[in-house]
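The chain below stands alone and is given as structure tokens, in the form predicted on its own.
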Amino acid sequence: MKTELEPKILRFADGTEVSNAEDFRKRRAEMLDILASEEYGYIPEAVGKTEIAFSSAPKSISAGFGLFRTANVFFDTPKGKFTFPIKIYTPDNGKKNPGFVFMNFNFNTFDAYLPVEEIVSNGFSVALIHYNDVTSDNGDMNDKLCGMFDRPSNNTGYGKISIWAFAMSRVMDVIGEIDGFDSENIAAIGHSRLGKTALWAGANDERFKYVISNDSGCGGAASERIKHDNAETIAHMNNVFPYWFCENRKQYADRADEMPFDQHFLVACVAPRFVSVASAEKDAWADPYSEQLTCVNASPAWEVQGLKGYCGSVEPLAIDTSSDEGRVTYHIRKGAHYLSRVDWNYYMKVISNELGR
């Protein structure tokens, strides 16, 4: 059974070896550039200062355990000012709390993917973004924020994932201005295609101390070189969701062994920070064991810096178990493709353990 991925994390593109933390910083920059040019497209450069305007006063929620308010994030672009709304949930405890920048499919206060009461009761804050407020999930590359930049006409122009990731970083710009958030302890989080987005945002933006991928699958935490039965592939995405990525990615359908990257690059670019990857037993499309093996193969990025990366087994983890010891944590639960309370509770436990709470 194949378990090792190429290209190696600790080998520069010219074949020389990465032997220390300083080398890895250079290798990380190289891997990010490869991922941008060959998979996601280059994220646009921010223009000017990001600002936040609160549109409602704090309102008590969740039996008095939490506070809710709304705001708008706005910033300049080459084609004018752009704004999108966020919803903000914080514990009503008068403290700066660790928190999540959560890119979600819905914008409901108590959405199925967002168990607000459990989150605020555990002492965490959330800034919620609705992905369609940033740019619609379709092939219109002129839609909303996607059309506010001059997208390169070559094959490295940004896909929608890069635009959603850009928006997550703009929320990070202003997170320190929101009462109830500890800006030094913020996680980027998303599920499915937005789990891919959270990984790409966190790989690029080192202000995210924690990066969380929930069932992100192909183009996220699942590798392309190691596939298992009924897993999604680049070939499928080329037919259904090509606009998530740059044009260059299309060429690698059925040519995975020729790629100058794989998804362990993406996870490794979070090092030396913290990354959590999650899978679900029945989610064959996202390829759980491939997601676990990506953690295994990304781990040298931490180890070369004297840190623990992934500390679990190379063999498939049993359902409803996890590997929590290092800075690359992984869990697999029973059930299907979903961002559940089990997942949220796991992520909060990992962060709380790291903070000694």
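What you see is a predicted model, and the numbers here were worked out from it, not measured in a lab. In this text, residue numbers run from 1 along the sequence as written.
We do not show the form predicted together with alpha-D-glucopyranuronic acid (GCU), though everything after this point is about it.
Engineer: L145: heavy atom within 4.5 Å of alpha-D-glucopyranuronic acid (GCU) in the predicted complex?
Structural biologist: The answer is no: L145 has no heavy atom within 4.5 Å of alpha-D-glucopyranuronic acid (GCU).
Engineer: Can any non-hydrogen atom of R193 be found within 4.5 angstroms of alpha-D-glucopyranuronic acid (GCU) in the predicted complex?
Structural biologist: Yes - in the predicted complex, heavy atoms of R193 and alpha-D-glucopyranuronic acid (GCU) come within 4.5 Å of each other.
Engineer: W285 versus alpha-D-glucopyranuronic acid (GCU), in the predicted complex: is there a non-hydrogen atom within 4.5 Å?
Structural biologist: Taking the distances in the predicted complex, the answer for W285 is yes, it comes within 4.5 Å of alpha-D-glucopyranuronic acid (GCU).
Engineer: Is M237 near alpha-D-glucopyranuronic acid (GCU)? Define near as a heavy atom within 4.5 Å, in the predicted complex.
Structural biologist: Because a heavy atom of M237 falls inside 4.5 Å of alpha-D-glucopyranuronic acid (GCU) in the predicted complex, the answer is yes.
Engineer: Of 199-207, 221-229, 239-247, 83-91, which is the one stretch near alpha-D-glucopyranuronic acid (GCU) in the predicted complex, taking non-hydrogen atoms within 4.5 angstroms as near?
Structural biologist: Residues of 239-247 come within 4.5 Å of the partner.
Engineer: Hey, with alpha-D-glucopyranuronic acid (GCU) in the predicted complex, do F105, S216 and H337 all fall inside the 4.5 Å heavy atom range?
Structural biologist: Per the other structure, all of F105, S216 and H337 touch alpha-D-glucopyranuronic acid (GCU).
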